[in-house]
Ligand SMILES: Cc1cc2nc3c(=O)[nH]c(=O)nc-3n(C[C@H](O)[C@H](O)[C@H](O)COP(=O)(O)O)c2cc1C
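Below you'll find only one chain, the form predicted on its own, shown as structure tokens.
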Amino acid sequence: MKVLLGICGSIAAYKSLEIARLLQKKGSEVRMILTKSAQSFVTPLTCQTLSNNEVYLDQFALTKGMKHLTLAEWADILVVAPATANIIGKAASGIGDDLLSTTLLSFPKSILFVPAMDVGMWENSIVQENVTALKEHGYHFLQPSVGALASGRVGRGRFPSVSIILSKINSVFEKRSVLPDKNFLVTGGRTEEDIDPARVVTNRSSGMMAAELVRAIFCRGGNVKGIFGEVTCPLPEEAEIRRVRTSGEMLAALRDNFAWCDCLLMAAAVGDYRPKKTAGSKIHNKALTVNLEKNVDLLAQVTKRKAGKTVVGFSLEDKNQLSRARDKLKSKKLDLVVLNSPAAIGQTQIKASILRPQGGSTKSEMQTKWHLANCILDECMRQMSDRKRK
């Protein structure tokens, strides 16, 4: 992927250097355009050193070629991050008075704006009208986050996390379709059941698959909430996430949010068993016997009141994989089941199958969990569309 990164005059400009570094680490080539204001926050030399490419500053530099045209031809995607109210206003008005704005006018492929500004500027009705106008013309936006701003105020306007920006770039470059105006609820991570105050019974799970589902939904414009147990991976800062620990806490969170959602993706590794008795203090016996009992099946509980919602289950199996996954699909009245093996735990790559009630399935070769997450969402959209037609 060839990424043209436009940097504007914002205190968040320094974070764009990390975007460039990580894009290159993943194999992309990056070239940068700095506005005059951006040079007050980051230096051309730093950008050139990190990108290992010439940095473009001047519309009328005495070099071969018309830069706003040659750069537009070279890049696969143009990302303006951070994007100020000024550059958004110029783009919406068709103004080209410097290298970045003329390149925006000349660029025929996907353009992504990542705004960063004070909350008062972001909420200004003129800025919002400009954003709406650009979206109607096919420009992409990643909404700023809510948090502490340079002014000391707290509100929406904060530069999003670098990880979600990278996911959004991938989503735009891959031309992922926008999700329908639906609410998605994702569970992830693992639950724990106490043996005593220091010891637990649990499952192996990193939470990566669920985290990628949340990122993919957010980047494709869906409304998303997460319910997560213990994880070993970072969770998206931009999404509303409720943390739980035990299966009982996860069930309570599901009951609180299930009515809100149109689609539940149950990717959590919920413990199948729990101790019959929990000790009130740490056990110091030379030998320890733990008697277990079957835990409540959370997915079976919530699907009792499914009421037309799309519900996706996950089946991790090491033997009789297909028959077990099919049994889960039928017994729990699921719309999809994602079947994979324990080899996927903690790995960024995964090989999985997506099973449908009608009998069909989609089997994937080894791919990233980001790509699988988007395949699952595409299947969910098809299921919702088919249900709507019926």
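Because the structure is predicted, anything quoted here is derived from the model rather than measured. Note that residue numbering follows the sequence shown and begins at 1.
The same protein has a further form, the form predicted together with the ligand, not shown here; the description that follows concerns it.
In summary, the region of this chain contacting the ligand in the predicted bound form, judged by heavy atoms within 4.5 Å and restricted to 315 to 323, 248 to 256, 113 to 121, 271 to 279, corresponds to 113 to 121. When the ligand is considered in the predicted bound form, S145 lies well away from it, no heavy atom lying within 4.5 Å. Contact check for N86: a heavy atom falls within 4.5 Å of the ligand in the predicted bound form.
Using a 4.5 Å cutoff between non-hydrogen atoms, I11 counts as a contact of the ligand in the predicted bound form. The ligand in the predicted bound form comes within 4.5 Å of a heavy atom belonging to S37. Among E230, D194, D262, D98, the residue placing a heavy atom within 4.5 Å of the ligand in the predicted bound form is D98.
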